[in-house]
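This document starts with one chain, in the form predicted on its own, laid out as C-alpha coordinates.
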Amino acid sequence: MGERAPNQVEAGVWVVVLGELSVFTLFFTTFLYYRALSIDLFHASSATLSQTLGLLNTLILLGSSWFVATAVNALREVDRRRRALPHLAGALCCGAAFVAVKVFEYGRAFREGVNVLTDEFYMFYFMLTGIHLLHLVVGMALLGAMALHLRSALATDAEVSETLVGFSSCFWHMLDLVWIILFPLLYLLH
(Lines give C-alpha, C1' and ligand atoms only; values in the text may rest on other atoms or scores of the structure.)
Protein backbone atom coordinates (compact mmCIF):
# COMPACT_ATOMS: atom_id res chain seq x y z
CA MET A 1 0.00 0.00 0.00
CA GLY A 2 1.10 3.55 -0.43
CA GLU A 3 1.83 6.18 2.16
CA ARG A 4 -0.06 5.88 5.43
CA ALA A 5 -3.40 7.63 5.41
CA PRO A 6 -3.63 10.78 7.51
CA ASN A 7 -4.47 10.26 11.17
CA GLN A 8 -7.80 12.02 10.61
CA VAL A 9 -8.91 9.23 8.29
CA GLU A 10 -7.72 6.59 10.74
CA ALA A 11 -9.59 8.37 13.53
CA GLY A 12 -12.73 8.46 11.37
CA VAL A 13 -12.56 4.70 10.87
CA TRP A 14 -12.34 4.13 14.61
CA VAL A 15 -15.17 6.58 15.32
CA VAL A 16 -17.48 4.61 13.01
CA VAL A 17 -16.41 1.23 14.39
CA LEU A 18 -16.62 2.31 18.03
CA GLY A 19 -19.98 4.00 17.35
CA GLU A 20 -21.35 0.75 15.90
CA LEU A 21 -19.98 -1.22 18.85
CA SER A 22 -21.61 1.24 21.25
CA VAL A 23 -24.99 0.77 19.59
CA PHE A 24 -24.67 -3.01 19.74
CA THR A 25 -23.61 -2.75 23.40
CA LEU A 26 -26.86 -0.89 24.11
CA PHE A 27 -28.78 -3.65 22.32
CA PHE A 28 -26.96 -6.35 24.33
CA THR A 29 -27.61 -4.53 27.60
CA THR A 30 -31.31 -4.14 26.79
CA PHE A 31 -31.51 -7.82 25.84
CA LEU A 32 -29.93 -8.86 29.16
CA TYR A 33 -32.28 -6.56 31.11
CA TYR A 34 -35.39 -8.10 29.53
CA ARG A 35 -33.91 -11.58 29.87
CA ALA A 36 -33.52 -11.00 33.62
CA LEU A 37 -37.24 -10.15 33.79
CA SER A 38 -38.31 -13.35 31.96
CA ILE A 39 -35.55 -15.91 32.44
CA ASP A 40 -37.80 -18.95 31.92
CA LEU A 41 -39.29 -17.57 28.70
CA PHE A 42 -35.89 -16.61 27.30
CA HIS A 43 -34.45 -19.99 28.27
CA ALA A 44 -37.30 -21.94 26.65
CA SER A 45 -37.20 -19.89 23.45
CA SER A 46 -33.41 -19.96 23.23
CA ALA A 47 -33.49 -23.76 23.54
CA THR A 48 -35.44 -23.94 20.25
CA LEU A 49 -32.57 -22.35 18.30
CA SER A 50 -30.11 -24.60 16.50
CA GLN A 51 -26.79 -24.32 18.30
CA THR A 52 -25.28 -26.19 15.36
CA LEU A 53 -26.32 -23.47 12.90
CA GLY A 54 -25.18 -20.74 15.31
CA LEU A 55 -21.80 -22.46 15.70
CA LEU A 56 -21.54 -22.97 11.94
CA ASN A 57 -22.07 -19.24 11.39
CA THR A 58 -19.48 -18.49 14.08
CA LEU A 59 -16.91 -20.68 12.32
CA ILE A 60 -17.80 -19.14 8.95
CA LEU A 61 -17.22 -15.62 10.29
CA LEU A 62 -13.97 -16.61 11.99
CA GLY A 63 -12.81 -18.05 8.66
CA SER A 64 -13.85 -14.88 6.86
CA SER A 65 -11.87 -12.74 9.30
CA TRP A 66 -8.82 -14.93 8.66
CA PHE A 67 -9.26 -14.34 4.91
CA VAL A 68 -9.53 -10.57 5.45
CA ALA A 69 -6.48 -10.46 7.73
CA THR A 70 -4.48 -12.51 5.22
CA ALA A 71 -5.54 -10.17 2.39
CA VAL A 72 -4.47 -7.11 4.38
CA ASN A 73 -1.11 -8.73 5.14
CA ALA A 74 -0.60 -9.46 1.43
CA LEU A 75 -1.38 -5.84 0.59
CA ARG A 76 1.45 -4.63 2.80
CA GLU A 77 4.04 -5.96 0.35
CA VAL A 78 3.91 -4.71 -3.22
CA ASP A 79 5.13 -7.99 -4.69
CA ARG A 80 2.38 -9.92 -2.85
CA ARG A 81 -0.60 -7.64 -3.56
CA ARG A 82 -2.06 -10.04 -6.16
CA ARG A 83 -2.41 -12.67 -3.44
CA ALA A 84 -4.94 -10.48 -1.65
CA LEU A 85 -7.63 -10.98 -4.31
CA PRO A 86 -8.26 -14.71 -3.66
CA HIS A 87 -8.37 -14.03 0.06
CA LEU A 88 -10.95 -11.28 -0.44
CA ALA A 89 -12.93 -13.69 -2.61
CA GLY A 90 -12.72 -16.24 0.21
CA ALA A 91 -14.03 -13.67 2.69
CA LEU A 92 -16.90 -12.81 0.35
CA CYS A 93 -17.74 -16.50 -0.07
CA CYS A 94 -17.79 -16.88 3.72
CA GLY A 95 -20.07 -13.84 3.94
CA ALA A 96 -22.42 -15.40 1.38
CA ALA A 97 -22.36 -18.69 3.32
CA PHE A 98 -23.26 -16.82 6.53
CA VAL A 99 -26.21 -15.18 4.76
CA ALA A 100 -27.34 -18.55 3.37
CA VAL A 101 -27.24 -20.20 6.80
CA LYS A 102 -29.11 -17.29 8.38
CA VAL A 103 -31.78 -17.33 5.63
CA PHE A 104 -32.17 -21.09 6.15
CA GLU A 105 -32.47 -20.55 9.90
CA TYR A 106 -35.05 -17.76 9.48
CA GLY A 107 -37.00 -19.87 6.99
CA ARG A 108 -37.13 -22.78 9.38
CA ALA A 109 -38.36 -20.53 12.19
CA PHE A 110 -41.08 -19.03 9.98
CA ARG A 111 -42.22 -22.50 8.82
CA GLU A 112 -42.55 -23.49 12.49
CA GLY A 113 -44.72 -20.42 13.12
CA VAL A 114 -42.03 -18.48 14.97
CA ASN A 115 -41.64 -14.79 14.15
CA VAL A 116 -40.82 -11.45 15.72
CA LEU A 117 -44.21 -11.42 17.51
CA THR A 118 -43.89 -14.89 19.06
CA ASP A 119 -42.39 -13.61 22.32
CA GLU A 120 -39.85 -11.11 23.67
CA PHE A 121 -36.92 -13.46 23.09
CA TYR A 122 -37.75 -13.86 19.42
CA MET A 123 -38.31 -10.13 19.05
CA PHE A 124 -34.72 -9.64 20.23
CA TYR A 125 -33.44 -12.62 18.24
CA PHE A 126 -34.80 -11.36 14.94
CA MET A 127 -33.89 -7.73 15.69
CA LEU A 128 -30.31 -8.44 16.78
CA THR A 129 -29.51 -11.02 14.13
CA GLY A 130 -31.33 -8.98 11.47
CA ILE A 131 -29.36 -5.82 12.25
CA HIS A 132 -26.16 -7.87 12.29
CA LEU A 133 -27.12 -9.44 8.96
CA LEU A 134 -27.78 -6.01 7.45
CA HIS A 135 -24.36 -4.85 8.65
CA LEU A 136 -22.83 -8.00 7.19
CA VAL A 137 -24.30 -7.23 3.77
CA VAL A 138 -22.83 -3.71 4.03
CA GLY A 139 -19.51 -5.30 5.02
CA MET A 140 -19.67 -7.56 1.98
CA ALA A 141 -20.25 -4.51 -0.21
CA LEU A 142 -17.18 -2.86 1.35
CA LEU A 143 -15.07 -5.98 0.77
CA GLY A 144 -16.37 -6.15 -2.81
CA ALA A 145 -15.43 -2.49 -3.35
CA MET A 146 -12.02 -3.23 -1.86
CA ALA A 147 -11.53 -6.17 -4.25
CA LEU A 148 -12.61 -4.11 -7.27
CA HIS A 149 -10.34 -1.26 -6.22
CA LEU A 150 -7.41 -3.65 -5.76
CA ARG A 151 -8.05 -5.27 -9.13
CA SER A 152 -8.10 -1.85 -10.80
CA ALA A 153 -4.96 -0.74 -8.93
CA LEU A 154 -3.15 -3.89 -9.97
CA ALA A 155 -4.15 -3.40 -13.62
CA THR A 156 -2.91 0.20 -13.70
CA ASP A 157 -0.05 -0.20 -11.20
CA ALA A 158 -1.70 2.45 -9.01
CA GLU A 159 -1.53 2.79 -5.25
CA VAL A 160 -4.03 0.88 -3.14
CA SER A 161 -6.23 3.07 -0.94
CA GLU A 162 -5.21 2.39 2.63
CA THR A 163 -8.34 4.18 3.78
CA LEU A 164 -10.62 1.74 1.93
CA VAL A 165 -8.58 -1.25 3.07
CA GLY A 166 -8.45 -0.06 6.67
CA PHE A 167 -12.12 0.81 6.92
CA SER A 168 -13.35 -2.33 5.16
CA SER A 169 -11.18 -4.69 7.18
CA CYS A 170 -11.93 -3.00 10.54
CA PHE A 171 -15.66 -3.02 9.78
CA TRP A 172 -15.51 -6.73 8.88
CA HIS A 173 -13.63 -7.64 12.06
CA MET A 174 -16.17 -5.62 14.07
CA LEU A 175 -18.94 -7.79 12.57
CA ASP A 176 -17.07 -10.89 13.67
CA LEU A 177 -16.71 -9.50 17.20
CA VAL A 178 -20.42 -8.65 17.39
CA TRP A 179 -21.36 -12.17 16.28
CA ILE A 180 -18.97 -13.71 18.83
CA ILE A 181 -21.04 -11.88 21.47
CA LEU A 182 -24.42 -12.61 19.84
CA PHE A 183 -23.81 -16.34 19.52
CA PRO A 184 -23.53 -17.09 23.26
CA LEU A 185 -26.15 -14.49 24.20
CA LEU A 186 -28.78 -15.97 21.93
CA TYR A 187 -27.81 -19.61 21.47
CA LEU A 188 -25.92 -20.68 24.61
CA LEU A 189 -27.04 -18.54 27.56
CA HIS A 190 -29.36 -20.72 29.67
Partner chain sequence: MSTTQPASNLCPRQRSSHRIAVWCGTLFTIGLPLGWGILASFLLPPISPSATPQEVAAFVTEGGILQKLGLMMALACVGGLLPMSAVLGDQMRRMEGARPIWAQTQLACATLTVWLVSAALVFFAAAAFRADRNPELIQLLNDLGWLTFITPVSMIVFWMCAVGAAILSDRGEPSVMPRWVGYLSIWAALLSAPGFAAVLFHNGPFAWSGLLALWIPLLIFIVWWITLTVYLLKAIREEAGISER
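Numbering follows the first chain given and starts at 1. What you are looking at is a predicted structure, and each value in this text was computed from that prediction instead of being measured.
Another form exists, predicted together with its partner chain; not displayed. Remarks below refer to it.
Note on the interface: of 65-73, 28-36, 46-54, 154-162, the segment with non-hydrogen atoms within 4.5 angstroms of its partner chain in the predicted complex is 28-36. Taking non-hydrogen atoms only, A100 never approaches its partner chain to within 4.5 angstroms in the predicted complex. Using a 4.5 Å cutoff between non-hydrogen atoms, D176 does not count as a contact of its partner chain in the predicted complex. Its partner chain is not shown here, and in the predicted complex it never comes within 4.5 Å of any heavy atom of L142. Under a 4.5 angstroms non-hydrogen atom cutoff, its partner chain in the predicted complex has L117 among its neighbouring residues. Contacts between stretch 15-31 and its partner chain, counted in the predicted complex as any heavy atom lying within 4.5 Å, involve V15, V16, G19, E20, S22, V23, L26, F27, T30, listed in sequence order.
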